Every structure is written in C-alpha cells, then in structure tokens.
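Okay, here we've got a single chain as structure tokens, the form predicted on its own, with questions on binding and movement later.
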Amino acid sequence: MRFLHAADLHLGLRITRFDEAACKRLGEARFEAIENLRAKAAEHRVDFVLVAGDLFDDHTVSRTVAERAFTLFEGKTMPCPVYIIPGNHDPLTPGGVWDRDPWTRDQPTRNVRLLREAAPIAVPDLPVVIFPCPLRHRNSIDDPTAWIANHPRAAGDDTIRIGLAHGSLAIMPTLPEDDHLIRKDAADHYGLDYLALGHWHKSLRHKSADGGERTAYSGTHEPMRFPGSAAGLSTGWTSYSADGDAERFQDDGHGTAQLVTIDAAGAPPMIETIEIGRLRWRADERNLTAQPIGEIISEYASREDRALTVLRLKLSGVVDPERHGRVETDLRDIVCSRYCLGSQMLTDMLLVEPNDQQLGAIVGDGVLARVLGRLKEEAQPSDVKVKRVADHALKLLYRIAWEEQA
C-alpha cells in the first residue's frame, strides 16, 4: 500500500514584497505544484493522497481559488482519491470556505474526500483505516488526535491505521500551549502505523519507540521563502502560531511531499521525501573582490532551470569602475530577465574603488565636488581609523554619483 502525504498548500496566499507580475507568478506556482503532485501520484501508482490541513491560506480566498483547487483534485488526471482535512488556517468554522460550493457537494465525489468529522474512515478496497483530525479553531489547547484513543486496535485487527492531523508535535519544550499540541508518542499510543502531519513547513520525521519512523511532516508543497530568511521577508506569509516566525515554519526553498509505502499492519513505513514544488528559491552571496566578474556572469548565465528559480543574489566586496559597470549591466540583466520573476540582485554592500581621475570625472562640479574635496582632506591624516572611514566614504560617493548619472 502506497500513498502521498502533502500539507500546507496555502492556496490563495496573499504574496507581498514583490511587484505585481512577480506576485502573480509566485501565486500561480502553488497551483502548478498541485499538478506536479498529480503527476507523482500517477508515476508512483499510489492508492490515495493525504492533505494534512491548510489547503487554503484562510477563509477569504476567492471563489476562483476555491473552485480551482477542487477541480485540480477532482479532475480525471488525478489517478486516486484525495483525503483532505481542514487546518488552523482554514478551520471548520461556519461560513468558511468549506461551506461554499464546490466543497459542499455530497461526499464522496469522484476523487475528493473532505473529512469534516473526527471519525474512522475505511479506505475502499484496501485494508486501511484513516483517523482524520480536522481543526475547528485557529488556536486550541486541545490535542486534535486525542479522540483516537477511543478506537484502540482490536485483537486480530490487521488493518493499516493512519492518522491525519494538523498541529505541533510536542518534541520541544517551548511550543505555544495553544498550537494544537500533539503528544510526541501519538503513533505508538494510538496504535497507528503512520501519523501524517501538517502545520510545520519543513519535512521532518519522528521515530517511534521501536526505532521506526511512523510520524512525519511533509513540508509545504511549494516554497515561500529564500533559505535563511523568514517567510515574512519573502512572500509576506505569517503563521497564526504565537511563534509563527519559528524556524519550523520555514521551508528550505524546496516544495516537498512524503511518498509512503506500508507493507502490512505493524510493518515500519518506508518514507521517501520527494520534490513536487514548481519553483526553487535560492539565496546566494558572492564577494567580488578577488573573483573575476566574467566567471560570475558565465556561471549565472549557464545554470539550469533559470526560469524556475527565484534567485536573490547578494554581492559584496570592492571592484573597479569597469567591473562595476559589467555587474550593473550584464549580470543584472541575467538575474532580472533570465530567472523567475521576483529574482533580485542586491548590491548595497558592493563598493567601487576608482582612481582620482575616474572619481573626479563622474563627480563633476557642484555639491558632490565639494563633498569629494572634503573627503580627500579627511583621508590625509595619520589617524588610521579616520582614514579608513574616509576611504570607505569615497567609494560610496562614487557609487552615489554613478547611480545619479545613470
């Protein structure tokens, strides 16, 4: 028996911090990643797909977003049933997205299985029972999996038991009490062969008492940040958790799901993290002081999948005016036109070191010329600290004059 475990799709996410065209492209990628999920389901011939909460970013998503999500899962190209539970971003609240068409259609439909109740669900034609734990509130001090204790495995029961929940696994001492805390031994305690979790955006596996990995987070299906930065500094997304900027809510620039195979009840699951994201987010830092600019330009011009990479290239170091010109023309053109919309090149930390003739020519007459004269005076004293600051200011002055001229 094999299935795909995904979570935290956050469709309808309101993306900020980019221009309008880039926001539209990044939002579209979240739907394209579902198409990748469907392709992986067909490729691996899975029996079903689990979505462990937060299909939508909130209840204010448009009708278009709600219908498009349903169609992607319900369409003929989806080769198997899809079991979905509401998470803390899209909980089961009156008047929410789940109370609007097409999600109010009688269940089951062709593929979609929206699990509104905390009750065991038998998977047709398979010895599998799913224990869904839909959320009804953004925050709660209750363990959403607690109800499974009322359904222990009976003697002689050889069905494969799978939990489907959304919340924080209590494996850290500092988790917020109202973050839908799930006991860390839930899989063992409830006799589950696998516990599919959502809420944390990193792929993570947790071992049971027997050493087998029976509990896992799938990670988000499409990334929403540059590695090393908070999601809020990339797409503008924030979690409803009290510590929503915590690292566990941040992806690593890749969209993932778990491919899970279970041979029989009690057998350890075989888990493979697979990539399903449409775009990759990459953050690079380069010091240009000693590296030839031609090498940098060639490298970024020849990388694979440039159109599917959201790149943030941060440059530092000291260059002469000629190299600076190539950075601002050739390299910037590559980053901004050959990589995915939203890519950017940051040069605030890159300094230009001209000779006296070059500096005087670009500064010209006027106020900048007076500033140049003052800085040259400040650069003469024997005080090393003052001289260092003045030299740095001369490099900044050239950059300012160059940008004003451009």
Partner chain sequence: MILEGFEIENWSCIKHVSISDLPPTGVIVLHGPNGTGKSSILAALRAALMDYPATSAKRDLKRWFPKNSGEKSKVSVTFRVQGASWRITKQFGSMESKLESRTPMGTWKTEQATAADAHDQTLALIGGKRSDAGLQQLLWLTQAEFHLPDPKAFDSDVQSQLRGILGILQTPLDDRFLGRVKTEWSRWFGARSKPGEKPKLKNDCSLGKALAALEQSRTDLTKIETEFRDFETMTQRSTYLEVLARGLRQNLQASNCLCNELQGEYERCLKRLEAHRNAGERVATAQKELDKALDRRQTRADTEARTQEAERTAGSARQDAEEKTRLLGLAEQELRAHRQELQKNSGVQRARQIMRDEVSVRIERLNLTEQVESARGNLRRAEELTRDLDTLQRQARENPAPDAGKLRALTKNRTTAAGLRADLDAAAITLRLSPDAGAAPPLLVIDSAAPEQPASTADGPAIERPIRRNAEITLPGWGRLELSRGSDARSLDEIEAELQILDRSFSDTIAPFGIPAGDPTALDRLRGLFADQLARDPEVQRLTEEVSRLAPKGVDHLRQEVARLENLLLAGDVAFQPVTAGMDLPSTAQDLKRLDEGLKSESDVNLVAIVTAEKKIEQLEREIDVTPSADSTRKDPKGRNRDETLGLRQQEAAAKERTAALAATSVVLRGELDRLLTAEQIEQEVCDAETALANTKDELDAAQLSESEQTVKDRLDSAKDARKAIDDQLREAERELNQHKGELRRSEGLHQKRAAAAARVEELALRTERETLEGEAFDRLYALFEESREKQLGTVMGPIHDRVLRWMRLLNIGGYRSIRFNDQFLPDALLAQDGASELAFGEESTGTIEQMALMVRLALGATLSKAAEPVVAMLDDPLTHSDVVRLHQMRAVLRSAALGDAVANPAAGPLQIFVFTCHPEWFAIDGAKVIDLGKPEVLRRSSF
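Positions refer to the first chain, counted from 1. What we label the rigid core is the largest C-alpha set whose atoms superpose within 1.5 Å from one form to the other. What you are looking at is a predicted structure, and each value in this text was computed from that prediction instead of being measured.
Omitted here: the form predicted together with its partner chain. The next part is about that form.
Asker: If the criterion is a non-hydrogen atom within 4.5 angstroms, does every one of 61, 65 and 389 touch its partner chain in the predicted complex?
Answerer: Yes, the whole candidate spot contacts its partner chain.
Asker: Given a 4.5 Å cut-off on heavy atoms, tell me which of 41-49, 349-357, 365-373, 334-342 is the interface stretch with its partner chain in the predicted complex.
Answerer: It is 365-373 that comes within 4.5 Å of the partner.
Asker: Among 314, 184, 202, 138, which has any heavy atom within 4.5 Å of its partner chain in the predicted complex?
Answerer: Looking at the other structure, the residue within range turns out to be 138.
Asker: Select from the listed residues 228, 152, 95, 124 the one whose heavy atoms reach within 4.5 Å of its partner chain in the predicted complex.
Answerer: The residue from 228, 152, 95, 124 that makes the contact is 95.
Asker: Give a yes or no for residue 14: in the predicted complex, does one of its heavy atoms lie within 4.5 Å of a heavy atom belonging to its partner chain?
Answerer: Because a heavy atom of residue 14 falls inside 4.5 Å of its partner chain in the predicted complex, the answer is yes.
Asker: Is the gap between residue 22 and its partner chain in the predicted complex 4.5 Å or less for some heavy atom pair?
Answerer: No.
Asker: So in the predicted complex, does any heavy atom of residue 240 sit within 4.5 Å of its partner chain?
Answerer: The answer is yes: residue 240 has a heavy atom within 4.5 Å of its partner chain.
Asker: If we define contact as a non-hydrogen atom of the residue within 4.5 angstroms of the partner, is residue 35 a contact of its partner chain in the predicted complex?
Answerer: Contact check for residue 35: no, nothing within 4.5 Å of its partner chain in the predicted complex.
Asker: How about residue 393 - superposed on the rigid core, does its CA move between the shown form and the other one by 2 Å or more?
Answerer: Result for residue 393: yes, a 2 Å-plus shift.
Asker: For a quick test of reading the superposition: does residue 370 move by 2 Å or more at the CA between the shown form and the other one, rigid core aligned?
Answerer: Moves: yes, 2 Å or greater.
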